[in-house]
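Below you will find one chain, with nothing else, as structure tokens; this is the form predicted alone, and questions on how it binds or moves follow later.
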């Protein structure tokens, strides 16, 4: 997840030229690394702080969805040294041999990463060789308590017609299919063509009731009370609740996606020392990870940060859910090529005018 998502940062011509070269040294021997992540998914100040402390420049690119991120990487137009994406994209890159194993013994603060989250990552990265956990969370519903008659407990609220024109859906193929599949009682990782066709038909029939398909902007629309209910990632949901006390976030009882976004080091990265320094700084060092948590507001795998939070926040399961309380949620698995192509085609049909 997963996943913070907005506009691409426009790089200057000089930066773009450097980015095409990936890890490199400029004329004054300043080291440079190029990374890609989702939008609004890092405190921008951290990049400048990192350069000030280490002398390493981070050329930072953004993508709006997991699929767009993978497309930008795989196009080869820019040489990326590290990528941050959802677990199923990390799995795809592992299968493509696009990632290299990470030597975590080179990370000074790696012991701050939670054993529970390492175990979670091991479900798709056996032996924890390729993925460094960044943030994790759920997909759920952000709703306005004054505009929704009864607190929702099921995805049914999106399909009943009661809130026609007041629904914001995620502009994400995988998440939209997940909702429909879980509502229908199927696994969000199904490869059954009949089940996927049923989910497609449900989403097509729902389309007239959908006000818009958004990602990060959904939170702002809900805060402004421009819709009654929105599908949203948990961190955005919690931030929305802090900005507008009439909002509430819930994970439907039908089940949802339990996601983890991870950093991977690309196979073509040469200056792994600089990349390791950056990832250790961003994810593992307590003060920086806490600064980033307070900006992003998603559950962090950094136990030092968690232990530093006040007791009320640390025990707030709306902000930091207990993994064992999400038994009805599933981790996305990598789809085979045929299923992916089928879902791509179905998504085009759903989004067609």
Partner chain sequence: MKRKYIALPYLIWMTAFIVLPLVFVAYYAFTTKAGGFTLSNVFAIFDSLHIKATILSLGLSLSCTVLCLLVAFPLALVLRRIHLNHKGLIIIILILPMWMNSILRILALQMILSKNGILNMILEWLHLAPVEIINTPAAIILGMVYDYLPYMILPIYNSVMDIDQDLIDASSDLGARFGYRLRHVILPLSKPGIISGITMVFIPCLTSFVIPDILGGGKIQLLGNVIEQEFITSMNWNLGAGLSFALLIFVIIGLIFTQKHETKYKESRVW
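Note that the coordinates shown come from a computational prediction; the quantities given were computed from them, not determined experimentally. Numbering follows the first chain given and starts at 1. The term rigid core refers to the maximal set of C-alpha atoms that superpose within 1.5 Å between the two forms.
There is another form of the same protein, the form predicted together with the partner chain; it is not shown, and what comes next is about it.
Asks: Tell me which of 116-124, 274-282, 261-269, 202-210 has residues with heavy atoms within 4.5 angstroms of the partner chain in the model of the complex?
Replies: Going by heavy atoms within 4.5 Å, the stretch is 202-210.
Asks: Is it the case that residue 171, even though its partner is missing from this view, gets within 4.5 Å of the partner chain in the model of the complex, heavy atoms only?
Replies: So residue 171 counts as contacting the partner chain.
Asks: Would residue 336 count as touching the partner chain in the model of the complex under a 4.5 Å heavy atom rule?
Replies: Taking the distances in the model of the complex, the answer for residue 336 is no, it never comes within 4.5 Å of the partner chain.
Asks: Is there a heavy atom of residue 182 no more than 4.5 Å from a heavy atom of the partner chain in the model of the complex?
Replies: Close contact is absent here: in the model of the complex, residue 182 is far from the partner chain, nothing within 4.5 Å, heavy atoms only.
Asks: Would residue 195 show up as a contact with the partner chain in the model of the complex if we use heavy atoms at 4.5 Å?
Replies: Looking in the model of the complex, residue contacts with the partner chain do not include residue 195, since no heavy atom lies within 4.5 Å.
Asks: So the partner chain isn't shown here. In the model of the complex, which residue out of 67, 43, 286, 316 has a non-hydrogen atom within 4.5 Å of it?
Replies: The option sitting close enough to the partner is 67.
Asks: Name the single residue among 226, 160, 153, 106 that comes within 4.5 Å of the partner chain in the model of the complex, judging by heavy atoms.
Replies: Among 226, 160, 153, 106, a heavy atom within 4.5 Å of the partner chain in the model of the complex occurs only for 226.
Asks: Residue 172: CA shift of at least 2 Å between this form and the one not shown after core fit?
Replies: It does shift by 2 Å or more.
Asks: Once both forms sit on the same rigid core, is the C-alpha displacement of residue 280 at or above 2 Å between this form and the one not shown?
Replies: No, because once the rigid core is superposed, the C-alpha of residue 280 moves less than 2 Å between this form and the one not shown.
Asks: After a rigid core superposition, would you say the CA of residue 228 moves by 2 angstroms or more between this form and the one not shown, or not?
Replies: After core superposition, the displacement of the residue 228 C-alpha between this form and the one not shown reaches the 2 Å mark, so yes.
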